[in-house]
Ligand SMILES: C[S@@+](CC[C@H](N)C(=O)[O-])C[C@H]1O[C@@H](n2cnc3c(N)ncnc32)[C@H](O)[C@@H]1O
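So this first bit is one chain, no partners, the form predicted alone, shown in structure tokens.
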Amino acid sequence: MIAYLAFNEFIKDLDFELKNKKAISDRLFISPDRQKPLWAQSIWYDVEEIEIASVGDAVKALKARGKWWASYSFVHHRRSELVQEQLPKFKIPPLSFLGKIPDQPMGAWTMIEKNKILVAANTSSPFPLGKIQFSEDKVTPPSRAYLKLWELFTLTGVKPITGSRCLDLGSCPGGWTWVLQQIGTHVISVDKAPLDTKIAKLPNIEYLKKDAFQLKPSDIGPIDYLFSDIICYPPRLLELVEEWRASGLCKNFVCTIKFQGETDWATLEKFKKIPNSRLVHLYHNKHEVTWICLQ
């Protein structure tokens, strides 16, 4: 049995994605099937349902199955707290950019009835319930959008090498351009609005005051990566991506697919069918997903 914990804001999306499931709470679903939903904040593998007679029973059962446990509480909150208080304490410091990811297994559990708990010693993330916190730079980046690239580069290994030529479309105010510059790439930063002055004066940044959708691949020439965090409807982003793919001038893409209102499942399927594609919902994504295509 597998459990899927939804991102708090995207319960309806996870509910839609999952097949053959049963709701345990508004955010937690169980299924006999191992699925790969976008909208799960945490996936709990090999879930056990355990009867307990007391708080001590729950503590004993958890300690027998692992050391580190994160609790998801939706009923019997105080009783859950009493259990968690008796488990080994852990403190995961905020993650540094490109820093070492914790290597300890992180279990998850929840109390579904006064005398019944769901337990999974193996989950999809070494972070408690998939919550990822970075040691943020609150001075240089002009917005918090940079955290999406920090998370992607740190957790997945997807990252341009030093010296890569990267195109950042819809770059204003410059959070993604800043991250790309910091890892040693040459950034062509494109937006009709200007970059933040702190970013614009950094070396290896070439700013073009243009509309990303009016820009032709031939205007830029060969690039190693195309990055986009543009606010636009998904079909329009797909058209832009297909134009660049058809040009043969770029093979690697990292784009945020942003939704205006309801999730556009049909366009997501079209992105998914592009060869070498993967879709992820990062912890720092909002109502959007990140599309990655690497050759």
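Keep in mind the model is a prediction, meaning the values are calculated, not measured. In case it trips you up, residue 1 is the first one in the sequence shown, and so on.
Form predicted in complex with the named molecule: not shown, discussed below.
When you look in the predicted bound form, the only residue of K251, K67, K270, K258 with a non-hydrogen atom within 4.5 Å of the named molecule is K258. Interface residue among F213, F153, F134, F74 relative to the named molecule in the predicted bound form, by the heavy atom within 4.5 Å criterion: F213. In the predicted bound form, the named molecule sits within 4.5 Å of a heavy atom of I231. Among heavy atoms of A193, some come within 4.5 Å of the named molecule in the predicted bound form. Within this chain, S164 is remote from the site of the named molecule in the predicted bound form, having no heavy atom within 4.5 Å. With a 4.5 Å cutoff on heavy atoms, A145 counts as touching the named molecule in the predicted bound form.
Comment: 166-174 is the region of 122-130, 101-109, 166-174, 88-96 lying near the named molecule in the predicted bound form, near meaning a non-hydrogen atom within 4.5 Å.
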